[in-house]
Every structure is written in structure tokens, then in C-alpha cells.
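Take a look at this single chain in C-alpha cells; it is the form predicted on its own.
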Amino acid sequence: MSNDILVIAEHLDGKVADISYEMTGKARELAAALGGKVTVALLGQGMAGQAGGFASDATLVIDDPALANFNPEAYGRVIAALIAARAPRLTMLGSTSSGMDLTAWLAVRSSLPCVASVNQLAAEGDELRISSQIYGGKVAAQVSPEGGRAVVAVMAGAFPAAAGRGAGPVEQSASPVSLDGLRVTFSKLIRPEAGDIDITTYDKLVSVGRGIGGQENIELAQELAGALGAALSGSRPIIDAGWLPKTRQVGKSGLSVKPKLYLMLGISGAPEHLEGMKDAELILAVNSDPKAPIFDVAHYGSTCDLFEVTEALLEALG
């Protein structure tokens, strides 16, 4: 076993996802404490031009037509081969739709512990300390993997991306395993249909969650959004209930937004939602539960009744 760390980068439409840099920055910190090195693996086709932006000891570009689009079988084969050959102390993937497709499978294939929904990582002496969010982020489980090695799925926004950006050396390689005879094939990427507005273009958003109570209360939130010059968005339960269209959904299964102001009414702060709004400049949260995980990321928060807060804001803005 080495003390090296392997980071699996993510990309879409030829652009590396921010979580790749977030993981790289944390990996650098851990590797320095453990006396190891950081390798970023960038799988795909034609991605060499994006490989020079990582602050890693090496970025390994594996180029193959079978890796052009995400395919869990193809990606899994390659990453499992890298783990077997390099025996890294820690293999880091994003806690994203593609990362969750791979993490548990890789752990089983490599006979390693798996830790999901990771939001903290530290090295204490020669031991890894990992914090995992469970029960929608309301409980933090502290674990130390048996045997000292693990495969982890890291929550987006858990670590700063700036620490992972740099100009490390780049290596190019063919796939270490055959990618012939794949049983899974990529068909097409289905994108959300265009809606009445594009919430990603707004500087201000008022976002509602299940704490809003009922569909009849959406109008009040819309009134507040109008008074602020903001757009109205929502968390997944609101969209699943049909109270707002899919194009207004913020989160992992919706849209990622980076407004200057993100005001939340009745949103608890599940990891899936945080992934979509973590980069907002100013985050305001109103939730009656003082233990709601959203208060761990909000810049300002209130546990007052959201309807009282909304009415007070409307009066002040009027």
C-alpha cells in the first residue's frame, strides 16, 4: 500500500467539473500529511487540453473512444485497473450521478471499504479520518477505514476548488485494459427542455422547499421574488409535487446556480440541493428547525416562521 491518492476527474461537454478541483485540493493536503503524491485520472476522448489545470503531482490522461461519454462499465474497468496497479491509499470520486454509479462497484471489485457522502477528510498520524453525511445530512458519521485504504464519494462544495487548480505535469496513456465487448453502451444525453425562464442567468433567486406547506403558498413566495427582482426556484420535493416546473429545480438532479443572492424558504439543506447552489455569493436560509443542515452553509439564517419572515420582507420592500 502506498500513501498516494488517486482522484477521478469528472467532465461534461469537454469541461472539467468543479468538484474535480475540489477533490484535488483536499488530496494535496492529505498527501502532504501522509507523505504521498496525488494523481488525477482524466478519462475521456480529446480531453488532453483540459488536463493542465490541476495542482497535482501528475495528471494521467487516458484517451479512448469508449470513454468519450460516461459509461459506468468502461470507466469502472479502467479505474479498477488503476487501483490494482497503483494501490492508492485513497481513491476519490465525486458524490454525483456518475460517481455514485462507480464508487460502490469499485470498492467491491477492489475489496476496499466504501464511504459515501463525504464532507470532511483528514489525516491524523497515519490514520484517515472521514466524515460522512447520512439521513439527508442531519447526522455526521465519523469513520476510519479498516486497513487504512478506502474508496470515497465526496460531496460537491465540501472543499474549495481554488486549492486544486494549478499547472501540474501531464501524462498520456492508452487504456490499461481492453474496452472491447462492453455490455453497456452510451445512447444519448437527454437535457432538460427549455422552460419559461432560465434560473441560471438570474443574480437573485428565492427558492422554496417542502417547508412552504402547500401549493397555495407558492404565490406568496412568488410575490417576494417579484419584490426582490428575483426568480422563483425550488428544491426537488416542490418539483416532484408539480408545484413548479422542472426547469425551476435547483440541485444535483436539476440545475446548478451561482446567484449573488440565494434566499431559501423552508429548505432543510439535503446534500443533493446543496450541490446545486453551493457557489452562491450570499446564502440566506429560513427554516424553523435549528438543526437543519442548511445552517451549516448559510451565511445568515433564521428559525422564525417563514410566512412571518416573508410578510415582513414584503412590508419592508414595499
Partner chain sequence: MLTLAEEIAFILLVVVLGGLTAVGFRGIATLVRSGRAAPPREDVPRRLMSALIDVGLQRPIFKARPVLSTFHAFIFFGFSFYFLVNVADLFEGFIPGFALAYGAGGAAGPFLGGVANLFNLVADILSVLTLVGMIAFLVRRFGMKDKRLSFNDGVLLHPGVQAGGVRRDSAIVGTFIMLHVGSRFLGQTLRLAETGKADPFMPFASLTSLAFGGLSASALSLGIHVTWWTAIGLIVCFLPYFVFSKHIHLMVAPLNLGLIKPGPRGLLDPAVPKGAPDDMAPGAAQLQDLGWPRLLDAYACIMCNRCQEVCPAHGSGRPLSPAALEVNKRYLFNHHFTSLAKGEQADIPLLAMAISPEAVWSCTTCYACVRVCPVGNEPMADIVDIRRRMIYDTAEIDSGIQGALEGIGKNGNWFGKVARTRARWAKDAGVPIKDATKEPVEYLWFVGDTASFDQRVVPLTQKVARVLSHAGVDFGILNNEERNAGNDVRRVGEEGLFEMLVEQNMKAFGKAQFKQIITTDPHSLNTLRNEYPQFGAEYPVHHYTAVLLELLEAGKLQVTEKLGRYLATYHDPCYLGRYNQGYEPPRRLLELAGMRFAEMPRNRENSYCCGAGGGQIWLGSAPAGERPAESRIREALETLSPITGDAEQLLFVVSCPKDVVMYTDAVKTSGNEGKIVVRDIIEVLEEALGLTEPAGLPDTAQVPV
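Positions refer to the first chain, counted from 1. What we label the rigid core is the largest C-alpha set whose atoms superpose within 1.5 Å from one form to the other. No experiment lies behind these values; they were computed from the predicted model shown.
What follows is about the form predicted together with the partner chain, which we do not show.
In the model of the complex, the partner chain lies within 4.5 Å of some heavy atom of residue 288. Using a 4.5 Å cutoff between non-hydrogen atoms, residue 172 does not count as a contact of the partner chain in the model of the complex. Proximity of residue 216 to the partner chain in the model of the complex falls within the 4.5 Å heavy atom cutoff. Taking a 4.5 Å heavy atom cutoff to the partner chain in the model of the complex, the contacting residues in 303-318 are 305, 308, 311, 315.
Core-superposed comparison between this form and the one not shown: the C-alpha position of residue 39 differs by less than 2 Å.
Taking 2 Å as the criterion, residue 17 does not count as shifted between this form and the one not shown: its C-alpha moves by less than this amount when the rigid core is aligned. Superposition on the rigid core between this form and the one not shown places the CA atom of residue 108 less than 2 Å from its counterpart.
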